[in-house]
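The chain below stands alone and is given as structure tokens, in the form predicted alone.
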Amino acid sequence: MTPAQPPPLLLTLGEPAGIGPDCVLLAFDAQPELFNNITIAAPRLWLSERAQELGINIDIVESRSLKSLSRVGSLLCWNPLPEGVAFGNVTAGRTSASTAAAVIACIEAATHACLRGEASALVTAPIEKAVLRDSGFDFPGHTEFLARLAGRERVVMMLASSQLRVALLTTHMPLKDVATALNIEDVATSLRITHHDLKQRFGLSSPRLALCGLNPHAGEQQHFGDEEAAILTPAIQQVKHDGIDVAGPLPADTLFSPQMRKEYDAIVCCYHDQGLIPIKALSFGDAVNITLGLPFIRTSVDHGTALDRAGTGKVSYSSIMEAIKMARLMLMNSIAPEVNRAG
């Protein structure tokens, strides 16, 4: 008896005028086998027009039903847009408010498919946040939107590569607001989520975490700030009672050194650039953005929409390939966890 095909992995294109369509088309053209049991949650038109512009000749199939899609050697598109949602023609490199509702609807439909078990995981290409916000999208980015759709009060953004994993306590907010956004309970919750998903989806039996200090030299015994003593240390003590292995708070200026970072499975950072600068310096183009704490697996690229390169063919598609591979690795580890400290 032939085993049943597992639910497909869904991939959303993000901003259709950006390089999301380019990356998908170039990756499929280079390695079509990578897209086995992958469905693009977007109108076929967004890909077919870009394929023509790039001179890529591939078979692109569209269906209004996710369950009816199956054709070996073709790029599969599920168009989930309800009647009345315009998706129109797209010009590479030129955003349009007219596509914003369709972009949001595709992400929402793909998320609900994952929540219903009709899809195994979600991979997302980058969105153009300013365009969506101007159209009423009241979220800083994908991460917060997916959390709301999944009914999760708190999730954790993590970027991962073969060299480093960084998780963030805060994401897209002004630096001046970070200190007041931190509190003991939220820090403890983020540490628990990171620990849980490293065990359940990365196959690490005993994850080792390090927490960065917020201030220079981790506050240097409160001479440079008291957030370490007042917030971060109590949070660490709280989760250690649960058996979670966390070191810190440690000075961020030395924690990312080659010797130090090898000691930990993930480094938890207080704010966006504290974590993203080191991982992008080490692994730009190869890192994967992962949302921890969701009831399904979500991965994404580590770059933006690069509107100036859309339609040129001169883009790297390595991150979308890594995001697909990471989603599949996490699915495999979720089914049969194995200890793997190599990345």
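A quick note: this is a predicted structure, and the numbers were derived from the prediction, not measured. In this text, residue numbers run from 1 along the sequence as written.
The discussion below concerns the form predicted in complex with another copy of the chain, not included here.
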Can you work out which of Ile184, Ala247, Met173, Val85 has a heavy atom no more than 4.5 Å from another copy of the chain in the predicted complex? Met173
Which pick from Leu282, Ile58, Val61, Leu34 sits with a heavy atom within 4.5 Å of another copy of the chain in the predicted complex? Leu282
With a cut-off of 4.5 Å between heavy atoms, is Ala179 one of the residues that contacts another copy of the chain in the predicted complex? yes
Classify Leu276 as contacting or not contacting another copy of the chain in the predicted complex by the rule of any non-hydrogen atom within 4.5 angstroms, answering yes or no. yes
Would Tyr271 sit within 4.5 Å of another copy of the chain in the predicted complex, counting heavy atoms only? yes
Can you tell me if Asn215 lies within 4.5 angstroms of another copy of the chain in the predicted complex, counting non-hydrogen atoms only? yes
Looking in the predicted complex, is another copy of the chain within 4.5 angstroms of a heavy atom from every one of Gly151, Arg154 and Thr312? no
Tell me the stretch among 236-244, 115-123, 165-173, 101-109 that has any heavy atom within 4.5 angstroms of another copy of the chain in the predicted complex. 165-173
Within 4.5 Å of another copy of the chain in the predicted complex: residues from 224-251 (heavy atom criterion): Phe224, Gly225, Glu227
